[in-house]
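Just one chain is shown here, as structure tokens, and it is the form predicted on its own.
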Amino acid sequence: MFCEKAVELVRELHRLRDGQLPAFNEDGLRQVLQEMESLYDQNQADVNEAKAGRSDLIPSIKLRHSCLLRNQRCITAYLYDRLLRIRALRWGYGSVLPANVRFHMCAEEVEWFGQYKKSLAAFMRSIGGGEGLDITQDMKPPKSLYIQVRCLKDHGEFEIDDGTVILLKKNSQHFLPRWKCEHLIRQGVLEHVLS
């Protein structure tokens, strides 16, 4: 049946909740493009015959053209939704994505992520005076400036603004400035301890 593979691409993304990125379905995308090429070739042949006087082919030409447009919309929706999810991952994980997330991205998406990351960094440097402003921090207003955190894995030395160097070892607990450790919490290095 026409357009089934294209609709399946969209359903694949719809099944997952927000924040999840499935593996790029290159095979499914290729099948949809091959179907579109086949529909286009059939339409070209029928259009040439219709010009010669066979008006009975016009309904099938219109049907195939509608299928071409639907496939195009489904592919566009699939690719655009993936880019929106990748953009949200930048805000959630920071500038370095975990390896398991990068594994699900195609080469073009990795390149797009790099360009988005550079554009966002340039924008953040341009605002907030000479120092810049990190707009990815404090996505929700903080209740306190310092928080209790537990280290989930060995990370090494970590320096805060006053020059104090803290060794982040697995299962150690620290009382740190929220804005300084928020990215490490998102990356899974630290865990906010609620008392």
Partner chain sequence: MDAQSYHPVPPGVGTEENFLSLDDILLSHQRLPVRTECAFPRLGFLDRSSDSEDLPEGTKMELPLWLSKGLYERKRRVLSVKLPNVYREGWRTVFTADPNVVNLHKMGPYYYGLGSQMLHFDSPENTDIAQTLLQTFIGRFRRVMDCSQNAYNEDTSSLLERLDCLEKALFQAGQSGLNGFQSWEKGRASQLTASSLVLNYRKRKMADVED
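Positions refer to the first chain, counted from 1. Only a predicted model underlies this, so the values are computations on that prediction, with no experimental measurement involved.
The protein also exists as the form predicted in complex with the partner chain; that form is not presented, and the subsequent description refers to it.
- Contact check for Q34, E108 and G132: none of the three has a heavy atom within 4.5 Å of the partner chain in the predicted complex.
- Residues within 4.5 angstroms of the partner chain in the predicted complex, judged by any non-hydrogen atom, belong to 41-49 and to none of the other stretches in 23-31, 123-131, 157-165, 41-49.
- In the predicted complex, at least one heavy atom of I147 sits within 4.5 Å of the partner chain.
- In the predicted complex, the partner chain sits within 4.5 Å of a heavy atom belonging to R178.
- Using a 4.5 Å cutoff between non-hydrogen atoms, K143 counts as a contact of the partner chain in the predicted complex.
- At least one heavy atom of R73 is located within 4.5 Å of the partner chain in the predicted complex.
- In the predicted complex, V10, R11, L13, H14, R17, D18, G19, Q20 are the residues of 9-25 with at least one heavy atom within 4.5 Å of the partner chain, listed from first to last.
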